[in-house]
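As a starting point, one isolated chain is supplied in structure tokens, in the form predicted alone.
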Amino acid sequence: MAGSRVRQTHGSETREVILAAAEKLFAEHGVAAVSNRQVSEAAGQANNFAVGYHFGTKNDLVLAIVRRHAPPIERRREEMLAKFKGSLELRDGLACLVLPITEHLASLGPASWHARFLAQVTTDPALWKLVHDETVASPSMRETTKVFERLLPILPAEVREERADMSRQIIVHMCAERERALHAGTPTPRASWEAAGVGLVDALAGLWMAPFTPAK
């Protein structure tokens, strides 16, 4: 029994090391350019098949990285949805979309790679839908979608969907640019992740309130 617990603990530690190594390599080089062998080597695994053993395919590895970060983001979003329940302010709905992400990135410290990992994944034709479907399926994201339907009933469904896509692109890539600048030690427009989140809410409020041209 004790030996089984030791093996389980060792297996969990190995998985964490592999996930951290893969996230960094994917963030730096893109998913397609990195092999499972390179991930295993970066994670200090003598067995070049360690990634496949612990995670399966590369798609499975990418999803495991996304799911590694999902619980704290989900928890923060659920708390914000409860805080702003029934609010008629668009900015409150946008805060539920943006701030759980920027708060999580702040919690990772200056050596984070997650925003750049997401930027790489969401521009990979083979992976973006996989990650998108995983993200929007969370209970808090489904509830946030309902908030926008309630706050902006005048927008046709196709316009809401289009602006939701625009919002995701802005959030992912602006966060990736900030993370990259912090890593390089170069100046950023905002002094903190908290302030960056506020700036994103400001920009997205303008996007969502912009006039639209009906489809012909």
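Everything numeric in this text was worked out from a predicted model, so none of it was measured. Only the largest set of C-alpha atoms that superpose within 1.5 Å between the two forms is called the rigid core. Start at 1 with the first residue shown and count on from there.
Absent from the display: the form predicted together with a further copy of the same chain. The rest refers to it.
Arg75 falls outside the set of residues with a heavy atom inside 4.5 Å of a further copy of the same chain in the predicted bound form. Among heavy atoms of Lys58, none comes within 4.5 Å of a further copy of the same chain in the predicted bound form.
For Glu13, no non-hydrogen atom is located within 4.5 Å of a further copy of the same chain in the predicted bound form, even though that partner is not displayed.
Proximity of Thr122 to a further copy of the same chain in the predicted bound form: non-hydrogen atoms within 4.5 Å are present. Taken together, the three residues Arg67, Leu97 and Glu134 lack any non-hydrogen atom within 4.5 angstroms of a further copy of the same chain in the predicted bound form. With a further copy of the same chain omitted here, the record of contacts in the predicted bound form names 163-171 of 49-57, 147-155, 35-43, 163-171, defined by a heavy atom within 4.5 Å. Residues are counted as partner-facing when one of their heavy atoms sits within 4.5 Å of a further copy of the same chain in the predicted bound form; in 75-114 only Arg91 qualifies. After superposing the rigid core, the C-alpha of Ala164 moves by 2 Å or more between the shown form and the other one.
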